[in-house]
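Shown next as structure tokens: one chain only, the form predicted on its own.
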């Protein structure tokens, strides 16, 4: 089963900016401008590898996710992998 973890903290510089968050990815030199739920996903993942279901459970502990869609979360995680902000294990 596929697991995901946030990119190592040393490779990311995360700066909240009002409703948005800037994430500088040192490895690529790209600054990403993101909105919720990206910062929350990265924080929930941390350096621990979690499956989609594990991450969804962790996010549900912190947020009201009564109608959460695991497939939508998997798609978002794959987008973050492509951006270099999340690693697939």
Partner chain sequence: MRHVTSLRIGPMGFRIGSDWRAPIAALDDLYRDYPKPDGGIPDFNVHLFAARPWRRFIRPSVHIAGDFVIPDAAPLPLEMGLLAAEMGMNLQMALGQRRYLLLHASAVERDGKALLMTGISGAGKSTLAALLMARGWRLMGDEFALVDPATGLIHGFPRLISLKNEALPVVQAALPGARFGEIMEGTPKGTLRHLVPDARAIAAMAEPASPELILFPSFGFAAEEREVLPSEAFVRLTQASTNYMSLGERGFDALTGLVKAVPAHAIDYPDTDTAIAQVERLWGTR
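Everything numeric in this text was worked out from a predicted model, so none of it was measured. Residue numbers count along the first chain shown, from 1.
Omitted here: the form predicted in complex with its partner chain. The next part is about that form.
For a residue to qualify, one of its non-hydrogen atoms must sit within 4.5 Å of its partner chain in the predicted complex; none of 63, 68 and 70 qualifies. Its partner chain is not drawn, but in the predicted complex it has a heavy atom within 4.5 Å of residue 15. For the chain shown alone, residue 26 is a contact residue for its partner chain in the predicted complex, at least one non-hydrogen atom being within 4.5 angstroms. Proximity of residue 36 to its partner chain in the predicted complex falls outside the 4.5 Å heavy atom cutoff. At a distance threshold of 4.5 angstroms between non-hydrogen atoms, residue 81 is out of contact with its partner chain in the predicted complex.
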